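One chain comes next, on its own, written out as structure tokens in the form predicted alone.
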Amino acid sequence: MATLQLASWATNLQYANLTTDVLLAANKSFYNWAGCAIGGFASQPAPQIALNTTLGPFSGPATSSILGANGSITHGFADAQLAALVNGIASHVDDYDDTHLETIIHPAGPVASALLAIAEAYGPVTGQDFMTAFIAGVETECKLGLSVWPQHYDVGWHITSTTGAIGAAVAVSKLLSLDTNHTAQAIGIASTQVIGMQAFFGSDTKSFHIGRAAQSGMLAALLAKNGYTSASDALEAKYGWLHVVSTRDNATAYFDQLGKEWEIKKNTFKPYPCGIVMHPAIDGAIQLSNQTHDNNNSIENVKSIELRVNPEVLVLTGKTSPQTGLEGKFSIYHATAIGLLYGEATPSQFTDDVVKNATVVDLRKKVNVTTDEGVPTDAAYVTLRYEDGTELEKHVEHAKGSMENPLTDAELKKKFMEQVTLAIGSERAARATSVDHHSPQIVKKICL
């Protein structure tokens, strides 16, 4: 009875059940999500296209914030469903959001986008209630993801959105204080709205998956609240979510861990705005770029760049000739080239102009990739071969941003400030970031 078990756990979860380390992880996750949503709205056209397309013809009373547009009276607010959609798109469009590494789920996007929108529309709510609902949604996504991993992902589903709609439904149900039966109905309504395939990676539609998951989960909870019915065994039925989207179902084992082993504590934060499997190679490229300059050598003298990486790198990020900035986020060749050439990998290196830059194009043609199942996904071997026959090699054992090598609080704050300043200016960005990550007041401060 996976559906009932999940609904019952979420209904009974209390703020008092949450330990300090769980709350700290949740606050960091929300903080990082807010930075991604605010910065993403300003840096990419997709969120603004979505807002402009739907704001007039299809929207209701403006109740909820469009985070990155809050400098605009006209476009700073929308109805809750549209706000969830646009904030979800904005939070994911730069591929800079959080990552649960065991499943490659980016859990905050669908859940936080739905929760913030509904909290503003139906509030006020307390910070404690908000964070309890947020954690319930994140745990739902990640436990579901683990239950069907890796078969679900390997067949081509975009796991963040397929689990995200259900996570958002659980989170909104929790915030609205739905009972177990109504929460179970919401899970069912969300599960039938499964969305997202990997074919769309490198396009605007990838981030649409996350916005739509947030919107779908919210709608599921609201429908259930008003008596809309679903299947009480929506997850575990023979033709239910677990069996339709994967050949593996281990939900019972993972749902038995709910409230005992917290997946949100395993959430990580990206130092680079691109596919996470490329991060070890970027680390190595940046370090070798610095070493090249320290040796009074030049990247122009590099004859070839040899990578030895996990096979998933080419599966997910094997685009050899990206034509847009979004495609560059899924090109190990582009990512390695910019790490070497610029000594960094920020949003400004994943633009259309940089992807088409002749020097970048020439350098990425020198990148050769060998896959090795013995190389972990957070590791890479990067070798530079120079025209004079000399070599430099770097072994990245654990990429920056991994569980073993996480971003520091200072690095997370720097990332937030860089993203948010772009959209709302340095003064408001500083006000938003002056929060105690232990405090549920982060919800209120971020939204100022």
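Worth saying up front: this structure is predicted, and the values here are computed from it rather than measured. In case it trips you up, residue 1 is the first one in the sequence shown, and so on.
The same protein also has a form predicted in complex with another copy of the chain, omitted here; what follows describes it.
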How about Lys329: is it within 4.5 Å of another copy of the chain in the predicted bound form, going by heavy atoms?
no
Would Ile299 count as touching another copy of the chain in the predicted bound form under a 4.5 Å heavy atom rule?
no
Is there a heavy atom of Gly188 lying 4.5 Å or less from a heavy atom of another copy of the chain in the predicted bound form?
yes
Would you check, heavy atoms only and a 4.5 Å threshold, whether Thr320 touches another copy of the chain in the predicted bound form?
no
Interface check vs another copy of the chain in the predicted bound form: of Ala50, Ala26, Val396, Leu412, the one with a heavy atom inside 4.5 Å is Ala50
Sole residue of Thr370, Gln257, Ser177, Thr229 within 4.5 Å of another copy of the chain in the predicted bound form, by heavy atom:
Thr229
So if I measure heavy atom distances to another copy of the chain in the predicted bound form, which of the stretches 214 to 222, 263 to 271, 345 to 353, 282 to 290 falls within 4.5 Å?
214 to 222
Suppose contact means a heavy atom within 4.5 Å; in the predicted bound form, does that hold for all of Leu146, Val309 and Ala337 with another copy of the chain?
no
Across 332 to 367, the residues having a non-hydrogen atom within 4.5 Å of another copy of the chain in the predicted bound form turn out to be none
In the predicted bound form, the Cα separation between Leu422 and Gly56 changes by 3 Å or more relative to the shown form; did it shrink or grow?
closer
